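The chain below stands alone and is given in structure tokens; this is the form predicted alone.
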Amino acid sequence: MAEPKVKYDRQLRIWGEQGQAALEKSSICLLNCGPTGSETLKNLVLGGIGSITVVDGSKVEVGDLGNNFLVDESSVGQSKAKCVCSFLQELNDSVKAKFVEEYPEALIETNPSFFSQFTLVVATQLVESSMIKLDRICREANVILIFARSYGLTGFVRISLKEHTVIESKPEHFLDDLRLNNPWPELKSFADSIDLTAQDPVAHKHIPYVVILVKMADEWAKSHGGKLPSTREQKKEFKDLLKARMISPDEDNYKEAIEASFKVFAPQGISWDLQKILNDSSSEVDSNSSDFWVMVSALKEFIANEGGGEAPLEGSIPDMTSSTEQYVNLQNIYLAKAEADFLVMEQLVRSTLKKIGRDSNSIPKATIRSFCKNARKLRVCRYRSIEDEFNSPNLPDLQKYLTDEDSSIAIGIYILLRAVDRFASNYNSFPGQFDSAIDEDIPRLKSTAIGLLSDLGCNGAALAEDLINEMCRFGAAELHAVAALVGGIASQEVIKLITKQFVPMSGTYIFNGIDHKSQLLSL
């Protein structure tokens, strides 16, 4: 068996050893192991999830061979959960796998406590009534829940849990934490020690752009009443001043300073997003508060006092043109400040824990360090219950989606995926499931969808006739290509939620395979 570091080398580069450890400790329950469920679990098993439990009461039929790669001819007539579990185990023998030969709907009704043993439940191909019941169960037990469904050429993915907090959100684009317009004493002192008017051309072209911008920002502020450039004209003037300091056209450091000058114009202090988290009522902590909110409480105190309005410094600097000596010195200044901020934060966290009657060492040092490094990028995600969304969707948004040309098909799919469940409840089959009844099913589905829209407060709203016809033509089939995509999206969200890295999607993801489009709906 390959060593974990070799086996999972590529993904370790994305979410690190801490993220991989979280995956390996987690236990996942899959409800229904048709194509959508099997594709979701396959991705997680290959990623090194700790353990899986497959729940499905059906037997493998000949029709399953055409859309599920995890069963073969020898599986026909056998337990689908057992066969899929066996195939998944072959993909990664490090994963503990077991199966329960029972229909998920029956388990939801008769044994709700069954789900409390898992880190996360992936529920595929459930109808609306079972979704609502399962969501209540998982919320009560604080178990993460993801719904996934593929239906013909359409599909959806929806996350449901009360709250999910993210320290390592890893945004693609985020401003470097350089404090060019608000330098601390050691950085300012270092910048002051370097002469921008040095005549030695080699020395001049190796001054780090951070130093150039700190000095030039200070110079500008002194001559402009303590204010930095804010208007377009002032920003252009600031860049022109930088150009004027160049003594040679090949000075890459000054070109870098001009390109990075926008970092000087950025407002000081913390972002609105971070302020919103600090203002959250959960930051008023007690003995039941999560580690995240305890650290947020300490962060609020840090920003108000020692931080002087700023979050703890991240401590890293980007590559730049510089002499080795000056770059190393600059790097050490940033690292020293970040370490000093961390030590203050650590004391504040320990003090907060003590105040609320918890062990002052219950939050590991490494967690506090990671929190400090990512303090500007914290995210809090909260999700409405499925029952709330289904019974009381955000009416203005729903009406906007229905009338907006870019969203009308996605919301149409959303409504019809709910309407087919109502249809099945009324007529004991899904629309188009039997070819002989398809002409009869189309007006029935249309009437069901209009009734659903009316119940939601959208009287007079209509859905595209072509879309209704297509939903009937699908006959509730699971196509492998769609299942693979929906399963891929679902497994990606599972990894985000378990590793607590990257930001999981909010709202309902709708896949429209008819037009090769997808959209996130917030209702």
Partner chain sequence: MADTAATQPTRSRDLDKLLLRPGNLVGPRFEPSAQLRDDVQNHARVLVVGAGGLGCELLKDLALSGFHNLDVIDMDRIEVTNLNRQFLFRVEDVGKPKAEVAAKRVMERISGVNIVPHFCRIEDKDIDFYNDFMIIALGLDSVEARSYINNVACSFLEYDSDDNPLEETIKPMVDGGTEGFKGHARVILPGITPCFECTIWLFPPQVKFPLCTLAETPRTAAHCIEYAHLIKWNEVHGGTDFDPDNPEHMKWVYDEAAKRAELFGIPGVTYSFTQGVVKNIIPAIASTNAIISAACTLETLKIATECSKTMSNYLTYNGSEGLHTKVAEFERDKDCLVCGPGVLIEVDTSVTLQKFMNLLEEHPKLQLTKASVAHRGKNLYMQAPPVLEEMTRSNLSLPLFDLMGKLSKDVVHVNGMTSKNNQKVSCLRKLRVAFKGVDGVTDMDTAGGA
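Positions refer to the first chain, counted from 1. What you see is a predicted model, and the numbers here were worked out from it, not measured in a lab.
Note that the form predicted together with its partner chain isn't included here; everything after this is about it.
Segments offered: 164 to 172, 235 to 243, 100 to 108, 307 to 315. Contacting its partner chain in the predicted complex at heavy atom distances within 4.5 Å is 164 to 172. Contact check for Ser58: no non-hydrogen atom falls within 4.5 Å of its partner chain in the predicted complex.
By the criterion of a heavy atom within 4.5 Å, Asp280 is excluded from the residues contacting its partner chain in the predicted complex. Heavy atoms of Ser323 reach within 4.5 Å of its partner chain in the predicted complex, making it an interface residue. Its partner chain in the predicted complex comes within 4.5 Å of a heavy atom belonging to Gly47. Looking at its partner chain in the predicted complex, residues Asn68, Ala484 and Gly513 each place a heavy atom within 4.5 Å of it. Taking a 4.5 Å heavy atom cutoff to its partner chain in the predicted complex, the one contacting residue in 193 to 220 is His206.
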